[in-house]
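Given next, in structure tokens, is a single chain: the form predicted alone.
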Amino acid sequence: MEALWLTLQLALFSTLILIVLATPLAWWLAHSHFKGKALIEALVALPLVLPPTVLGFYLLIFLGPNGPGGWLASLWGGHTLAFSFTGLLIGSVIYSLPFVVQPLQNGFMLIGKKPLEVAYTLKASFWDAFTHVILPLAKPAYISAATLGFAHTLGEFGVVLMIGGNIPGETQVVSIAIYEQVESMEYTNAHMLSALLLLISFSLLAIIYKTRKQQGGSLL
């Protein structure tokens, strides 16, 4: 239960941070004509194809005592951001970024700029037009993005193992706990944890497909 609670916290905080970070990025990618946009899109999508251990290794170096993460941790008396919940959170946000950005980008592209232009003719500011016009229209995309980001974080293994290790109560998430139970031949506990993750993941995917069906289009 301790590992499950930690996993749910990690997934929730990661999803909230990702929604905040991904919204302006996805809007820019959906409407920008910048010549180097393809490179930015490739960089965002890199975790989709990069082996988790590779990403986890470089994050370990980045968050370690000799990297920027070590310097940042020293500001409040720490030694490293690796092998901590904060390090797991940073890694999860980076690893799940494309799963949130891409649904939002597709949603913004489907909406287009016309609703925004109509709002401008009514003297609305960009912020007012975005919050009162674009966000309600993009609600299905946000549901899809948040659900995918949350579900993807639940199943992380390689990245969190590399940068967090297996510290009970601090960095031991459910996926690592399952691996540990299997190694210890505690198959009953492994079955329980695996079945719980399976149920949660299936439920989240059902939400995505139900939302997509109601909207009559693709959100992914």
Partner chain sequence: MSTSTSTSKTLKLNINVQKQNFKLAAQCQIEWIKPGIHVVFGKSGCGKSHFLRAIAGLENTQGHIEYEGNTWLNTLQNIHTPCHLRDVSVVFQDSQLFSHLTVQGNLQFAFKRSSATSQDWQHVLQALNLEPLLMQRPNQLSGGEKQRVSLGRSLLSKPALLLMDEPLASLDWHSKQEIMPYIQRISKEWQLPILYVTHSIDEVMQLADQVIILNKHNDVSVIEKMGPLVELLQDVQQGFNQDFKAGSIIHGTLLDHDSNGIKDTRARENSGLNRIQIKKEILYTPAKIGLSAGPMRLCIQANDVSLALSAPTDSSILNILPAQIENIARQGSGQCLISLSLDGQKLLSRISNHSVDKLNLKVGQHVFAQIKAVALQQSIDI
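Please read all numbers here as calculations on a predicted model, not as lab measurements. Positions refer to the first chain, counted from 1.
We do not show the form predicted in complex with its partner chain, though everything after this point is about it.
Taking the partner from the other structure, its partner chain in the predicted bound form has no heavy atom within 4.5 Å of any heavy atom of Trp71. The shortest heavy atom separation between Ala146 and its partner chain in the predicted bound form exceeds 4.5 Å. Gly112 falls outside the set of residues with a heavy atom inside 4.5 Å of its partner chain in the predicted bound form. Interface residue remark: Val133 is counted as part of the site for its partner chain in the predicted bound form, having a heavy atom within 4.5 Å. Residue heavy atoms within 4.5 Å of its partner chain in the predicted bound form occur in exactly one stretch of 86-94, 102-110, 72-80, 122-130, and that stretch is 122-130.
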